[in-house]
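Quick heads-up: the structure tokens below are two forms of one chain, split into structure 1 and structure 2.
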Structure 1
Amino acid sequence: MERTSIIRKTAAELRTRPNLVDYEATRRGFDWDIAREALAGLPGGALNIAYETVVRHAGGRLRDHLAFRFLGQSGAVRDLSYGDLAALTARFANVLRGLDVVRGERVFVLTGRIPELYAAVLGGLRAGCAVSPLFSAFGPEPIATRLNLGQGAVLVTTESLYQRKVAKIRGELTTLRHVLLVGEGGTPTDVPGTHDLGRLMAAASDDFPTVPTRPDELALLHFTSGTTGTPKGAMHVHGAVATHWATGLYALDLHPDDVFWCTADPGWVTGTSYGIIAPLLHGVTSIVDEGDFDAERWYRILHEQKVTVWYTAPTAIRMLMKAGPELAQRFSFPSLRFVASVGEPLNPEAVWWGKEVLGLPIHDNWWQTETGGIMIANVPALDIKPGSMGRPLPGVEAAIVREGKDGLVEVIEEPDVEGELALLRGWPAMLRGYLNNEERYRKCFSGVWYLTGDLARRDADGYFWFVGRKDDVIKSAGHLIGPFEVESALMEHPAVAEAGVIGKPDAMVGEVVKAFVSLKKGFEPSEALRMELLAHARRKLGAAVAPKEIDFATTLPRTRSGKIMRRLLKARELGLPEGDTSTLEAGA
């Protein structure tokens, strides 16, 4: 298949008519009231995420429609309809009420991707609590940090996780009043100082009047790691659900008969916004895989579950690429019609791999924990420029800005000029603050603009291109070099599975570009290969941008949500403090 700079879309390739066909007309006619009007709401102007995602559907024609299919590691399958989910969330809300947990208190959930996690998140929201799902692979220290920062009153976890990670720090959790344990294998638990969640749920009523929370009332806490110090707790409100609805419609192109699979864990914002909220808002069926990544297992899920819309991460795509096309060719995916990716920029090589191996190009999109939902995306009906983030969604105004006068920024109107990516404030899912850090929150804004901290450029067609985080950009001999561009060029070499690029201090030019690469199966590190990669990058990028040094690595340090931690590569290279590593993938 010939590779070009643009993947043109044709009507014949679109297996379902997209929700967003006329991009310009939809943007002109859109305002956020359209999304809000698509929601049911509650009396008195109240709005509750759990009501919109579950309760209203369970009271109507979707009561018996499949909401979640849980695929156990051992092969067991558990299905929950919207009616089932409504009953479970009511029971959990009644459990909280029976423990004197009141509206506004914080509920933390630390489990794998099991039904109890989803019931607790949605049941907590239904009870008017603020909810924070945590990634189950966290160690004791990051768990304690987040619970204390978030003033957690309730923790839902499994018996094994409690014994391994929480019991030893229980005395440090000063605001924690209740621990609700999920028994292993469905057996009751009897751990001192805890409650057996199964017993409490069995005794609770499945009738609960949803708490009429305000649109601006705190609903979700998502923690994002900083370069140093403690993680930041981004606060999101119930009104964010309007963004989840609109982006599920336009960016993920959800239709009522879809089978949707978001591979992200709810311990990360993607797994909450698009693994729980958005698909339920649209009444679709979601697949939840309780197991860890396994290439063959993932292909089998796509095939056997007849997944139609798949939302995954660049790291997972690169791991599938590393497994080779032969594995994918053992399966067929006739139902699959749309594939999207998020987490970090998607290299052009991966976009083309999707088209060549899966039969569908992979559509990158961009957003942050702070934005709460997708802001910029490659949508089904529009052409793809591989390597681009796409174009702003309806309701989102994006710009490239630079420092201006009086401490405010000015918009760069010319195309293809690098600057900081900024969003016009006011979309419903915009963060409403960082926990106990008002000063850091204020620094996110300049006048009407939210400053993302990402450097990017906008081309003449309105597509945005990621350059790098402001603190990742390499300054070499007067050049500003985005690491993503260098990483993408290296990944075009057939030996390279992943690449991470940093700036290494140099007395002569300020910084030189250094790359760390992991190799695909069948390739071994050697001096000859190193020289070949250096020459490949020089041909692709030119001498000023290409790396001057390349080291081989078995794996690259990544966050548990899949982002390559360039700052950690740099800290290790220079022998500097590593900062907050609570989100670091195990063994990295």
Structure 2
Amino acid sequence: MERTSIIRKTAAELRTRPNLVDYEATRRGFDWDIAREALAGLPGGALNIAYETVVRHAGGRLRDHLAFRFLGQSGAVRDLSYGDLAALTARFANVLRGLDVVRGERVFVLTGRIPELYAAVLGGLRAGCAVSPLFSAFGPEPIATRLNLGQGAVLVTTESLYQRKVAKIRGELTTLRHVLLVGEGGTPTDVPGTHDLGRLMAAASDDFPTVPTRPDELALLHFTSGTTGTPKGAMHVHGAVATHWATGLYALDLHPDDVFWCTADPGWVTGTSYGIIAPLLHGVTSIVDEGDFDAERWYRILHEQKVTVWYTAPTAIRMLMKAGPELAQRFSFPSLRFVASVGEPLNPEAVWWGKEVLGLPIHDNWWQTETGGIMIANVPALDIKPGSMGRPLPGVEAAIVREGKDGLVEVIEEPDVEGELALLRGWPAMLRGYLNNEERYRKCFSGVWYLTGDLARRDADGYFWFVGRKDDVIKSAGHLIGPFEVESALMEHPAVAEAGVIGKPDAMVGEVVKAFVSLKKGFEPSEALRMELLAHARRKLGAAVAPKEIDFATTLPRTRSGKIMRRLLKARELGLPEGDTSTLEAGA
């Protein structure tokens, strides 16, 4: 196949007429009230995500339609219709009520991608609680930090995750009132200080009046990382659902008979906004794979489940590419009609690989935890420029900005100039604050603009191209990792005097977490100590966050004000020019 710089598309060539045919006209005619009007709402102007996604469908013609198909690790399949899901969410909401958990309290969920997670997230929302799904590969430290920051009152987890990760930190979780355990292997759990969720659910009523939350009431807390300090709890409200609806329509092109597969874990924002909310809003069937990535398994799922719309990530695509085309050729994907990807830069080769191996190019799109939903996308009927993130969706105004003379940002009008990617504030899923951190929240805005922290450029045709991050956060396999959290965990080891953590470019996962440590007096670098530090970090942080590489250094470069210069560590690691080192402490 000839690889051109543009992949031309027209709506007429597509098997299914896309929801967004005329990009310019739809953008001109769009305003967010159109999306709000598509929602059912509750009396008195109330709005609840659980009602929009589940309850209203269960009371209508989608009652018996499949909402989720769960594919178990070992082949077991569990189907939940919209009616089943409504009953489960009601039961979970009643369980909360029975434990005196009230509207506004925070429910955390730490499980794999099992039905209980989906019932707890949606049931918690239905009960008017704020919900925070955590990634089950986190270690005890990130779990404790997030639960304490978010003042978690309830934690839903499995018996084995509890024993491995939570039991030992339980005493530190000062706001936690109830732990609800999912039993494994079908047996009830009986762990002191916890409740058996299965037993409580079985005894609960499957009728529950959805709490009439306000559109601006806190619904979801998603933790994300910055360069410094603790993770940031991005606060999202029930009204965000208007963005989930519009982006499900335009960016993912969901149609009623779709079988949709979002491969992201709900512990990350994509797995909640698009693994739970958007497909349910549109009444489609979602596939949830409880297993980890496996190339053959993934091709089999696409084939056997007749997936029509697939939303995945660049690392996964690169791993499929590595597995070779022969494996893909053992399967066919006649049902597949649209493939999208998010989370990290998608190489042009990956876009073409999709076209050559799956028969469809991959459509990159861009957003972040703070935006709550997709902002910039390649959509079915628009030409693709491989390597570009696409164009702003209806309702989204994006610009490239730089700092102006008066301290306010200045929009860069000329094309192809690098600057910070900014979004005009006011879309419904925009974060409404960082938990307990008003100052950090204020820093994200300048006048009417929300500043994303990403560097990008816009070309003359209005396509946006990702350039990099402004800060030091690390993107590994699509997951955002804060270097500070990793440095703090390393510093807790008795041998470590100081630690600096960077993202080291990696062809497969984008960046791997690499740490540099200097040792305290009395400790000498050795292979054994390196292994011990790697294991220490893994135990504390979990596999998703822990460094993969550790180097010893006698001292780490610091600014005169004492901050570790990660930028310099990175430049030295990569053999790049060191840039401006005027603030470097003497001798470093």
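Along the sequence of structure 1, residues get numbers from 1 upward. Computed from a predicted model, the values in this text were never measured in an experiment. In this text, the rigid core denotes the largest set of C-alpha atoms whose superposition between the two forms falls within 1.5 Å.
> Would you check which of the pair is the form predicted in complex with adenosine monophosphate (AMP)?
The form predicted in complex with adenosine monophosphate (AMP) is the one given as structure 2; the other form is structure 1.
> With one rigid piece of the chain swinging against the other between structures 1 and 2, say which of K470, T189, L66, G404 is at the hinge.
So the residue at the hinge between structures 1 and 2 must be K470.
> Fill in the domain rotation here: degrees turned by the smaller rigid part against the larger between structures 1 and 2.
So the smaller rigid part is rotated by 132 degrees.
> Where the rigid core has been superposed, how far does the Cα of T10 end up moving between structures 1 and 2, given in Å?
For T10, the C-alpha ends up 3.6 Å from its position in the other form.
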